[in-house]
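A single chain comes next, written as structure tokens; it is the form predicted on its own.
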């Protein structure tokens, strides 16, 4: 099972609403469980440089079936996944990528970039919660 376009549009809307509430402009990407692009939104005025980051956050979360925030401690020097972000054509392992689930099944991920990583995670989480 994969996230549908209708679900992705609902996720984007919730993420854009949260970004507006916290007064930030975001690039927001939704991918399916295979990390294929389903939907993307670049809010007016959002950084162009964050487009690629949002996509990579979503793909990273989908490929590893965990939020990128959970990967962050594992990629530090001396840790078991140190430098993994150099694999797969480039990963992003800091907050802002959140797994999308239907029950226990991963159906995709959302990636958000454009502000602090804390804000990115808040916006991505708001988008993911729109599935519930």
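Bear in mind the structure is a predicted one, so any value in this text is a computation, not a measurement. Numbering follows the first chain given and starts at 1.
Absent from the display: the form predicted together with a further copy of the same chain. The rest refers to it.
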Next on the checklist: Is residue 99 part of the interface with a further copy of the same chain in the predicted bound form - any heavy atom within 4.5 Å?
Outcome noted: no
Item to check | residue 4 within 4.5 Å of a further copy of the same chain in the predicted bound form, heavy atoms | outcome: yes
Item to check | residue 32, heavy atom within 4.5 angstroms of a further copy of the same chain in the predicted bound form | outcome: yes
Next on the checklist: Against a further copy of the same chain in the predicted bound form, would residue 77 count as a contact residue? Criterion: heavy atoms within 4.5 Å.
Outcome noted: yes
Checklist outcome for this item: Near a further copy of the same chain in the predicted bound form, with a heavy atom at 4.5 Å or closer, the residues from 16 to 48 are 16, 32, 33, 34, 36, 37, 38, 39, 40, 41, 42, 43, 44, 48
